[in-house]
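The chain that follows stands alone, in the form predicted on its own, written as structure tokens.
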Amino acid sequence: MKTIKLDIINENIHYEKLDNGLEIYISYQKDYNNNIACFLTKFGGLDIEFIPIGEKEMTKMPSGIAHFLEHKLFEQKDGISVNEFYKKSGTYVNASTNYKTTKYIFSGPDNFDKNLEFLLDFVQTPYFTDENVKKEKGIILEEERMTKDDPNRLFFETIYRNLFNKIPYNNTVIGTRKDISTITKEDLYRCYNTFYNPSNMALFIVSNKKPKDVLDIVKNNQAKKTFKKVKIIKKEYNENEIVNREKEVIHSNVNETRISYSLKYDISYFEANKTEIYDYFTIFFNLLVGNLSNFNLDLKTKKIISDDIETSISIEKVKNKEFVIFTIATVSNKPNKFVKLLEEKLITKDYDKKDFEIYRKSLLSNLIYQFVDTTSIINYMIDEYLFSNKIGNENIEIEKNINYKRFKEITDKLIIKNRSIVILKK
């Protein structure tokens, strides 16, 4: 077992990769009462075109199949209810599917050994029949109906659908009613056997139990199971910088108008690695439009916005390219005025060097603050793993060496191009 020492944070992450390919990350927190574990597979709503294991042709699956599969793994052949098992020890259990991953998680103070064993077993023991698949369709179709008019979901999905041309963000994670209705047990097994292989999965654990003891539980469990070696081949998309749609007005059951403003770049444009881009632009947007900025206060005073301005940075990898997306969103009944003033601010890049130092220190303090509770720790590990495909000190080193000169070099390159605007109205 390898120990990864995280600088500044003064924490250790224990790492092991098993012979079957499963990667395990353990954070030992002896003084914490709670234990938490997440079993993750790199299979999500975007993964609908791939070559199933044992086959030779590219296959297109119904949209929503990753989410459907998540639901079905909670049903066990022996009739044991996953929810009831964890409920007996006062343990929280849940699962979630997004565009790129599916996660299974439990959190609770007691019964850790058995809880971990059961997590591994129920995720690695699929049981699909024609009857239980048909039954699940009714449940998921009802979920689709209930979420169809969710304004938050509609807003988010429209933003990404309008940004990308080839990546299938036009498919929702939950799927269309037509596609949900066509899913079969054979489809589920083909997806499961391809993507739920240990070599495509990772296990994250935060526990007050010693790492060696935790690792022994996992090793003993996996030694009882046999897995085929797999090579996952997914469809690759020829994405480019141009956005799919520059502007769209949508409607839902909201009381106030919401607006999102996004910019899309080929990451190579900034001549920086993705950690630098993420960190420096996090500071950049805080300086320009964050809650403490004069711009934010001025817009509220003039009643151009009626809520805080939220910013997000995401990075999308396609073939040998990566794209960075900057999104700024708020509530505004004067969306066109907001866009005009926002673009003026982004072009002039008016900020104070002293304020840069405040946010530089804040970035480091937020890193340390990630380790105040088990949920934050496991989220840190998952985010780092998905961002860099590993957990290590490389990103921390970059954050330690953030400086104003490099900040200017990177952020001065930002110009208004490849923009996409979504306005959500009542």
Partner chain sequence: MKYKKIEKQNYDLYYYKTDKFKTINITTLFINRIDEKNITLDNFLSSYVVNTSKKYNNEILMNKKYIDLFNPSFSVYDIYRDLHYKFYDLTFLDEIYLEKSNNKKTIEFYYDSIFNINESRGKLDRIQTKLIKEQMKSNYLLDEEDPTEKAYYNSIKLISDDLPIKINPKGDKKHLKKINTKDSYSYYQNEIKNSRVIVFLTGNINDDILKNIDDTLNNNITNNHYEIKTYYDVSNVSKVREKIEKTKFKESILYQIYKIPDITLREREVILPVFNNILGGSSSRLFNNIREKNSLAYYAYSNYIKHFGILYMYAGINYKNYNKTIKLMNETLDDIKQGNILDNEIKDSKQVILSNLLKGEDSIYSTVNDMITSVLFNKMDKETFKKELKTIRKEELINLANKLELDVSYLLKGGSNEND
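All figures in this text were calculated on a predicted structure; none of them were measured in a lab. Numbering follows the first chain given and starts at 1.
The same protein also exists as the form predicted in complex with its partner chain; that form is not shown, yet it is the one meant from here on.
J.: Looking at 230-238, 119-127, 143-151, 266-274, which lies within 4.5 angstroms of its partner chain in the model of the complex, counting heavy atoms?
T.: Among the candidates, contact is made by 143-151.
J.: Give a yes or no on whether every one of Tyr32, His71 and Asn255 sits within 4.5 angstroms of its partner chain in the model of the complex by heavy atom.
T.: Every listed residue reaches its partner chain in the model of the complex, so yes.
J.: Only one of Thr59, Asn393, Ser388, Ser362 comes within 4.5 Å of its partner chain in the model of the complex by heavy atoms, so just point that one out.
T.: Only one listed residue qualifies here, and that residue is Ser362.
J.: Name the residue from Thr176, Asn165, Ser306, Thr184 that puts a heavy atom within 4.5 Å of its partner chain in the model of the complex.
T.: That would be Ser306.
J.: With the partner left out of view, is Asn401 within 4.5 angstroms of its partner chain in the model of the complex by any non-hydrogen atom?
T.: No - in the model of the complex, heavy atoms of Asn401 and its partner chain never come within 4.5 Å of each other.
J.: Glu11 near its partner chain in the model of the complex, any heavy atom under 4.5 Å?
T.: So Glu11 counts as contacting its partner chain.
J.: Taking its partner chain as it sits in the model of the complex, is Lys224 near enough to touch it, meaning that at least one heavy atom pair lies within 4.5 angstroms?
T.: Judged by the heavy-atom cut-off of 4.5 Å, Lys224 is well away from its partner chain in the model of the complex.
J.: Applying a 4.5 Å heavy atom distance criterion, does Ser293 contact its partner chain in the model of the complex?
T.: Residue-level check for Ser293: yes, a contact with its partner chain.
J.: In the model of the complex, which residues of 109-140 put a heavy atom within 4.5 Å of its partner chain?
T.: Stretch hits, in order: Pro109, Asp110, Lys135, Glu136, Gly138, Ile139.
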